[in-house]
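The chain that follows stands alone, in the form predicted alone, written as structure tokens.
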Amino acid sequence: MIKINNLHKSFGEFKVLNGVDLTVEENKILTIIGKSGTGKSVLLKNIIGLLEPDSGTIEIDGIDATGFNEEEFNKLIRPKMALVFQESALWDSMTVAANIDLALQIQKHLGEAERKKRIKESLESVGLKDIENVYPDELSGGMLKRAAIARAIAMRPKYLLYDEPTTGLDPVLSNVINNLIKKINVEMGITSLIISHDIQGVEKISDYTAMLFEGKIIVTCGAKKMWEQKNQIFNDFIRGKIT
């Protein structure tokens, strides 16, 4: 379980996170929604240790990781997590297999044979069989997203974080990615935290959703209860009245 308590993060005088409280339950899919620029990606990067909060706590499985140095975080927290970046973040100069292997090499206990096995299995899991030697710039947008997800699940994370996984995709491909996220969550028992603007996808695959507004979580509810909420800001957002 991930528990975030009174989390604050500013850049200069600009307050991005202003007292975020949020619990990410195990084996569930939580989607965070909110206007562009409201700090959703900043929250994600604080959780995975790419940014350091100004104050507040982030507990991962009961351990407060906010005071950890890089070595402590890498040892105790980062092996549990993987992040699927919004733009996939695969190196065009390396094959798909090499991109995944680069991530796996962080886990020093994995030998070459095990890494190759994981690469093959993770690609097959996302429907990308036999593309190990293909380069990222040869892939379509949907395939690129799936390759990025394959890299993440090859790490065998307990927590999988997605930053706008359907951005730039048409409705059909968005549906493919959303179905894949749900499949991975169920089959691998992963806890998923998603940043998304895809309201239909949120309702379809999420167990619950939370809205970030002006640096705080203003609503948390079951995904099937989204349309029953009384908060006007939340209602306007999911109905497309504010973006």
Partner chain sequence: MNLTVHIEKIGRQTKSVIEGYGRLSIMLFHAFASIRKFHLYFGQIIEQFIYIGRRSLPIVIITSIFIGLALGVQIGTQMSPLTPAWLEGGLILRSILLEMGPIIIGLILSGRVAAGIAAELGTMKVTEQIDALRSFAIDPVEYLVMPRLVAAMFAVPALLVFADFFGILAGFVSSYFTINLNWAGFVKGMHHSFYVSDVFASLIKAFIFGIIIVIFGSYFGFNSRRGARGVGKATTLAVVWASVDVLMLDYVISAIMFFI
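The model shown is predicted, which means the values in this text are computed figures rather than measured ones. Residue numbers count along the first chain shown, from 1.
The discussion below concerns the form predicted in complex with its partner chain, not included here.
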_Non-hydrogen atom within 4.5 Å of its partner chain in the predicted complex for each of Asn18, Ile32 and Glu228_ = no
_Taking 4.5 angstroms as the heavy atom distance cut-off, pick the stretch from 117 to 125, 168 to 176, 151 to 159, 137 to 145 that is near its partner chain in the predicted complex._
151 to 159
*Does its partner chain get within 4.5 angstroms of any non-hydrogen atom of Ile48 in the predicted complex?*
yes
_Quick check on Asp130: any heavy atom within 4.5 Å of its partner chain in the predicted complex?_
no
*Does its partner chain get within 4.5 angstroms of any non-hydrogen atom of Leu90 in the predicted complex?*
yes
_Leu110 versus its partner chain, in the predicted complex: is there a non-hydrogen atom within 4.5 Å?_
no
*Residues of 123 to 137 having any heavy atom within 4.5 Å of its partner chain in the predicted complex, listed in sequence order*: none
